[in-house]
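Next up is one chain by itself, shown in structure tokens, the form predicted alone.
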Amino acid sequence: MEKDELKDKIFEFVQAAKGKKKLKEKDIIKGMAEKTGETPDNVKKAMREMIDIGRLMYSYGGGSSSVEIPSEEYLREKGLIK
């Protein structure tokens, strides 16, 4: 699977959980590895690249971290969109 295709599938996976469940990094890695047949390491690398460019972000609350889709306000604040 191409890396861009994997990134799109990761985004869809996180988007499907939005508002229902906060996903931890390991939940995404495990779920996507099972769903796509990719190695957990490849999923982790693709997800980290998405976080680096602002397509996904870490969120902290309640003593734990989760990965989610950033809001437009967050993207503006970080200078990723105007």
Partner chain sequence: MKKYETPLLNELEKGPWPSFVKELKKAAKTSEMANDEVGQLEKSFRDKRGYWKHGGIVGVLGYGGGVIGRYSSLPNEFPGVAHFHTVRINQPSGMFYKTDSLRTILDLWDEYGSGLTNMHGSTGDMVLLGCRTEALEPLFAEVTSRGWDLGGSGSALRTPACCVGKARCEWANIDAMDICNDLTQTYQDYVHRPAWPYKFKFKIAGCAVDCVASIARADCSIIGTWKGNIAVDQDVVKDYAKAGMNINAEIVGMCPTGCMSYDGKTLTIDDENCSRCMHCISKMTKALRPTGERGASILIGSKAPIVVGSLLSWVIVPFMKMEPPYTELKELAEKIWEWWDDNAKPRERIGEVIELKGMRSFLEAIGVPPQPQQVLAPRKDPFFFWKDEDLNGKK
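Positions refer to the first chain, counted from 1. Since this is a predicted model, take the numbers as computed values, not measurements.
What comes next is about the form predicted together with the partner chain, which is not displayed.
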item: Contact label in the predicted complex: K78 to the partner chain, heavy atom within 4.5 Å; value: yes
item: The partner chain contact in the predicted complex: I28, any heavy atom under 4.5 Å; value: no
item: The partner chain contact at M57 in the predicted complex, heavy atom, 4.5 Å; value: yes
item: Heavy atom of Q15 within 4.5 Å of the partner chain in the predicted complex; value: no
item: Members of 55-73 lying within 4.5 angstroms of the partner chain, judged by heavy atom, in the predicted complex; value: M57, Y58, S59, Y60, G62, G63, S64, S65, E68
